[in-house]
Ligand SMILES: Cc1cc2nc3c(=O)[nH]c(=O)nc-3n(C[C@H](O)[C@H](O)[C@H](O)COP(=O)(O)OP(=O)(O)OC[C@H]3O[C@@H](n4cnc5c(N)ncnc54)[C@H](O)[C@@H]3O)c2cc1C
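Given as structure tokens, the chain that follows is alone and in the form predicted alone.
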């Protein structure tokens, strides 16, 4: 059903939806499948949903989660999948839910990734749970454009490296760094990206999602090597509609001007914002 009393130019749904499955994806990470076919049909990689636990007043506000995948069986689109990490009260409560329980979901929200004409050579750079939106992007690139991106995954330790087998199953080459050297090379993920830029040459596009420090480093590399780059911000959002002003980000070239991560983003051209 459409959201009441809110006027949007794009289609938007709010619904209490059934949890189809809820599984651990690693230490502190979970995947949750939601029966929401109408949202799944129109969601695009990079968009997100706002989630609230029904019949609970604490926490009061919804929380944002990137769409991680669409659930498809044959020709039927059955719902969406979210990938999340337990980091606070809401996600801890979510982690205790089981199949058959309900979640109040609003979406799809925000602007997703865009694709230049004829794009073929692509880098995906993910830090930790930032991989959530990039996995959906990789599937879309492979299925609709026959593009197999090179994927760079970074985390504090091996437990933070997610979706490796999924990326490899679509033909992507995956490179990994961990800060404690428990998997892949030791260091930060942008060191591998820089090495690839120097050795393999420039891709047509870099897509990145992760902590702010990582996104800044990716943006610096894109600027240095003159590569097109889109970054997806991980930021606190209280409403998802640009009303609360909790997710503003400074606009480049316009002192005192700001954009909203929830409505203008969360995906931005790296040159459009100051991080």
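Values in this document were obtained by computation on a predicted structure and should not be read as measured data. Residue numbers count along the first chain shown, from 1.
Another form, the form predicted in complex with the named molecule, is not on view; read the next lines as being about it.
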If we take heavy atoms and a 4.5 Å cut-off, which stretch out of 139 to 147, 152 to 160, 176 to 184, 78 to 86 is in contact with the named molecule in the model of the complex? 78 to 86
When the contact criterion is heavy atoms within 4.5 Å, does residue 194 count as touching the named molecule in the model of the complex? no
May I ask you to check whether residue 63 falls inside a 4.5 Å heavy atom distance of the named molecule in the model of the complex? yes
Can you tell me if residue 235 lies within 4.5 angstroms of the named molecule in the model of the complex, counting non-hydrogen atoms only? yes
Can you check whether residue 90 is within 4.5 Å of the named molecule in the model of the complex, heavy atom basis? yes
Can you work out which of 189, 129, 205, 105 has a heavy atom no more than 4.5 Å from the named molecule in the model of the complex? 129
